[in-house]
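Here we start with a single chain on its own, the form predicted on its own, put down as structure tokens.
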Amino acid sequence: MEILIFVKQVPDDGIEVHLDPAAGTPDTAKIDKIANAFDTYALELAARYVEANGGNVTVAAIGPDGTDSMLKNLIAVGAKKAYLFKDPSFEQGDEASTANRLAQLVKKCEAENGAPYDLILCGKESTDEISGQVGARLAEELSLPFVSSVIEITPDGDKLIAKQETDEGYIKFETAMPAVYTIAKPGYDPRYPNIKAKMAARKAVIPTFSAADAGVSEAPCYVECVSYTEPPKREAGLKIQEKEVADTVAKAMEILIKDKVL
């Protein structure tokens, strides 16, 4: 099984982000960049699959300088190969153009890998944009079977069984290969690298390609972000400190009626 995972470098989502007053865009310049959480879930799921069933995992990313450090960290926790695609033309675009570029990059990754991929994975969404569109659009571009929010993959002869998480429970889908899945959080956390894996990953050479190197043509863009707006700050709450429960309820009802909630 040859598995390709597209990963994205995002600002650390544990840090509160504010808008740059001058630019009107999220000010992330001083925030550390890390691998998108759902992409790390995809890698852990893929790593467990190949440990149990055999195969190789490749990670690939579109990104600026510094993205290779993220890719080396992913090599330390299960990826065998990594490719970086860096080009000024990749810096702008919407979900449609991103999916179009990724579809073109699959061919370059397969050429470098020396074999086609049986399965292409993406996180179900990125923690910066949270659109959840790229994986589905990528499958459409490649004309491949698609399942979203997958938390488990099992082999079934020349097919795969994908377990999808829903609000009501779970659904199992059978798909042919190759296929595209987006990955939700499974019932376990990504592994931490051991010292030996970290040292080996530091020495890894990450092949880097421009748009011309990868044979990527200009991708159509249909959506433009007009502006960003910070969510309104939450107003301070009102404490009710009556001693008796009945008095507390009466006070709460009085406030709700006064504010015309009831």
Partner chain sequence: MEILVYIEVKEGELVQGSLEALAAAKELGNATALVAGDADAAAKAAVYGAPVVCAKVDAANPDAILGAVEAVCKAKNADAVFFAGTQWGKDLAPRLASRAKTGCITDVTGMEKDGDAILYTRPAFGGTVIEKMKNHGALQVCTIRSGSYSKPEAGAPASIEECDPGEADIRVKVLEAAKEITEAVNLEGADIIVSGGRGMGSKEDFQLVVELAKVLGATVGASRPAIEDGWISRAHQVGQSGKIVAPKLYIACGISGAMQHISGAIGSKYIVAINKDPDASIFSVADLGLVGDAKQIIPLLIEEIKKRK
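Computed from a prediction, not measured in an experiment: that's the story for all the values here. Numbering follows the first chain given and starts at 1. Whichever C-alpha set is largest while still superposing within 1.5 Å between the two forms counts as the rigid core.
What comes next is about the form predicted in complex with the partner chain, which is not displayed.
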Please check if K81 has a heavy atom lying within 4.5 Å of any heavy atom of the partner chain in the predicted bound form. no
Spell out, yes or no, whether the shortest heavy atom distance between G132 and the partner chain in the predicted bound form is within 4.5 Å. yes
Spell out, yes or no, whether the shortest heavy atom distance between Q92 and the partner chain in the predicted bound form is within 4.5 Å. no
How about P145: is it within 4.5 Å of the partner chain in the predicted bound form, going by heavy atoms? yes
Contact stretch among 52-60, 208-216, 194-202, 222-230 - heavy atom within 4.5 Å of the partner chain in the predicted bound form: 222-230
Would you mind checking 158-174 for residues with a heavy atom within 4.5 Å of the partner chain in the predicted bound form? I161, Q164, E165, T166, D167, E168, G169, Y170, I171, K172, F173, E174
Compare the position of the CA of E242 between this form and the one not shown after a rigid core fit and state whether the shift reaches 2 Å. yes
